[in-house]
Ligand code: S3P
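Listed next as structure tokens is one chain, alone, in the form predicted on its own.
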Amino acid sequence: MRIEPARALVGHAVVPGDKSISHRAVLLGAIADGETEIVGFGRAGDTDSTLRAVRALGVQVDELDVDLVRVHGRGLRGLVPPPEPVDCGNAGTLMRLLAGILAGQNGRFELAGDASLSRRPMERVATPLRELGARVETTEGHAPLLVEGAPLRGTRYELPVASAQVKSAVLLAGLLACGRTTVVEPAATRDHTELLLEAAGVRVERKAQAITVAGVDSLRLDRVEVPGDFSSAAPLIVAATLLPGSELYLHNIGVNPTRTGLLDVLERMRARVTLFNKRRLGSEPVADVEVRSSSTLVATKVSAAEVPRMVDELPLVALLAGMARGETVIEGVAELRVKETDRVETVKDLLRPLGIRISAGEDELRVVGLPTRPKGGGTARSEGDHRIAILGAVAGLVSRGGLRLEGAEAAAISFPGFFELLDSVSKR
């Protein structure tokens, strides 16, 4: 796909529903009593994998519209082992959270994924589930996973690495355990699981970085309203910030503070981003977002403690840094090396040919920026990673010469319709 430069981003846009919340709403709906209606369901390759997975486990799902889903719950321990492995596709959130739920079910379950997901570390979720009493086997630390349901007992687990997926898996297993289960985080991560559990009637205790649940007899999650995905809004926010003359309005965006570290970075870099019409949609804070271009971006430092609140947006931060005055240092990026690709290397490999001066260490990125549009030209490759495909599109848009993007279709894993939406607000 050829990505041509744009003059500006102008207009109004709505992004798909939040993928993280959509995954969780389907999984909790599957083990709830009664029906759960999910309004604003974030349709994407990953969330489609979640729908297929729960169907394979015996759950009826009605797809009433592209963004309206009804899940017929089978109760807390009602999932049924299928004859074939449950295919999680490319969805790491699905595989890890589902492992937590299956740890307390009756039967033996196999979770498999595509080649990319099968390279991602799974011992990090298997280890705490074993502490709860589950029988979990990985394949040399990776997928496929074998999970055999067992009587679970509450535990206290301190996460060695901040991970919302592992935290959520342990909390979900804790619902099926005897006693109390506590997860201690080294840094706060997205709390969509905790908010949905509270909406489903679960008492969730939060003290500092410790989250505790107790075993329950049942859940009920009648209706979930899903806001727009901040991670899908982020590339539009960044592109509008970088393109002179931009004036973009994004509506109904989830602004959960555990997800919006990018906004803090943009403020430090002197970007012009404003939240207005702030309100709540169910348990989640939402707002409309106004973005105007900024010609005076300055470098900043991103600390490791900030990374969990913006881990999906770090590739875009590197692009911002390339067009800001001074040197930007992004610490704590080691977690990017175990995503769909080694994103430290794929980000560096994509941005360097555009003329952006970026270097990488094991756990940091350094970018020496210039307040001018990068030269562009040449070919960028997504390597099958949806975040890298989206980064390539934004980089081509804000460059002087554009670029050819190979593997652009990977963007649909998290954001189907991304290129069409981007084109609708691009002025050339």
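From a predicted model like this one, the values you see are computed outputs, not experimental measurements. One rule holds for the numbers: they count along the sequence shown, beginning at 1.
The same protein has a further form, the form predicted together with this ligand, not shown here; the description that follows concerns it.
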Checklist outcome for this item: The one residue among Q165, T328, T346, T260 placing a heavy atom within 4.5 Å of this ligand in the model of the complex is Q165
Checklist outcome for this item: Per contact check vs this ligand in the model of the complex (non-hydrogen atom within 4.5 angstroms), the hit among 311-319, 143-151, 238-246, 71-79 is 311-319
Item to check | this ligand contact in the model of the complex: N90, any heavy atom under 4.5 Å | outcome: no
